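In structure tokens, one chain follows: the form predicted alone.
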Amino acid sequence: MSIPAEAFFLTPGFNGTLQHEIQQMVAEGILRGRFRAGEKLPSSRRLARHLGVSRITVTLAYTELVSGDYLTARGRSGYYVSETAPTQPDFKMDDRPRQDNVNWERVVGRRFSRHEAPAKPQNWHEFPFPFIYGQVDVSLFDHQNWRQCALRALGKRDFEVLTDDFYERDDPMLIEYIMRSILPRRGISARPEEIILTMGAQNALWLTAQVLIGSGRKTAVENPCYPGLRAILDQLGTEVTPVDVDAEGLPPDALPAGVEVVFTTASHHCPTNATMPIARRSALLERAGREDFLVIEDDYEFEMSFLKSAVPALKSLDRGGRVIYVGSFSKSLFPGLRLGYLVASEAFVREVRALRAAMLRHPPGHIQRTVAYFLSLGHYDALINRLGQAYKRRRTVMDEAISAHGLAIAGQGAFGGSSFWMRAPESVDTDLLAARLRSRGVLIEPGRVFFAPGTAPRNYYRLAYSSIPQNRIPEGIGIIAETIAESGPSQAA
């Protein structure tokens, strides 16, 4: 029996090539039982004419389906559904309506969804003025070389890296590059046993907190700080003391007595962009040694030091093994990569490695090897240079627009970065401001979620320039200034 060409039709908006869409149509027809073993497919010429595509597109789709054992080619006779084609399990789906009769409020022992996080819409690409932090302008990324590195990582030579279970280990090529090229840029020397890969900085902070912090353990965080860190610590039930930062970051003298763990973004404070000077770093380490506490350094965005060279990492000054260093490729490559690393004493890394193994074993091998190639072949350094130049131009344009419209900068960073920390008039609630701006195509980040509960002023917000084209920045800033002026005292906090 022959399958008619009319059984196939193209779907508008399909996310893929015409060849892939034809492959999917045939494969789904076989898997769902509409096309049965031995049935003949339409000729490539006939199907191409029916769908309005080139004949070679259909031929390539059929060829791929033959290699996947969905089809078989019979000389001049044509293509047929393979006798050994994949099939769906032979049972009938239960289509009766389903109900959820579980009382989840009673069953769930711990609540993880109650912590408030910054609202970042998934469709931010659709907004003309997205001043959203942590996202990237894909036009700046080196797609071609990344693709070549990915293909190389998927090749036969590296197939074991793709398929093997590393258990507790990481890709030695990537660890070697981090150890010999990335860390020396921060003044850090480490052995392979002192480095472990994580699923981004968030995962690194979670692993660190799980290993170090128990219920009742006294912990200090910066105020304001990265909201994801506060969510982690809240889940652990630890005693968290927020310490207000100033223009030079975390003041060591303000730490509470008896503190056991201190979290800091010393080189580029989140979200104010303040940089802790060397003298203050030395004072923090001196107090850590005297009072026997640990310091977790989240060194995000150090690569974006395009105004002047970054200050060496806090970890580079550490001679007592008290600093645990968190690094990430999420900001320098792209956030969806979810790849970071921890650097610390071997005894600590051993415990983190065991915890990671119990949770996810290790980050995917092909991702590790792709990044290793991208770094080792020099593409990473070229990308950082390109990003730095682009961000510098955008920063200059934004700085000029902010000044021209009379907006107030609360923190802009001396070395670079990708955002400005802003302060609106005290009468302006930036949560309400963000809602008004969103209706006008502008996305900003209200600052309230960065502060500890009960300490949050309502008039701070963050503007990033990594995700918005340079030519749209002045108009977007103009809309922000206009909306703030329209807000008036009716938005008093």
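The first residue of the shown sequence is 1; numbering continues from there. Just so we're on the same page, rigid core means the largest C-alpha set that superposes within 1.5 Å between forms. Being a predicted model, the structure only gives us computed values, none of them experimental.
There is another form of the same protein, the form predicted together with a further copy of the same chain; it is not shown, and what comes next is about it.
The stretch from 369-377, 392-400, 268-276, 245-253 that comes within 4.5 Å of a further copy of the same chain in the predicted complex, counting heavy atoms only, is 369-377. Here is the short version: of His405, Arg287, Arg361, Lys218, the single residue with a heavy atom within 4.5 Å of a further copy of the same chain in the predicted complex is Arg361.
Proximity of Arg280, Phe329 and Glu482 to a further copy of the same chain in the predicted complex is absent: no residue of the three has a non-hydrogen atom within 4.5 angstroms. At the 4.5 Å threshold, heavy atoms of Gly340 stay clear of a further copy of the same chain in the predicted complex, well away from it. Proximity of Pro457 to a further copy of the same chain in the predicted complex falls outside the 4.5 Å heavy atom cutoff. At a distance threshold of 4.5 angstroms between non-hydrogen atoms, Arg74 is out of contact with a further copy of the same chain in the predicted complex. a further copy of the same chain in the predicted complex is not approached by Arg472, whose heavy atoms all lie more than 4.5 angstroms from it. Applying a 4.5 Å heavy atom cutoff to a further copy of the same chain in the predicted complex picks out Ala27, Glu28, Leu31, Arg32 from 27-41, in order along the sequence.
A displacement of less than 2 angstroms separates the C-alpha positions of Ala452 between this form and the one not shown, with the rigid core held in common. After superposing the rigid core, the Cα of Glu426 is displaced by less than 2 Å between this form and the one not shown. A movement of the C-alpha atom of Ile22 reaching 2 angstroms or beyond is seen between this form and the one not shown when the two forms are aligned on their rigid core.
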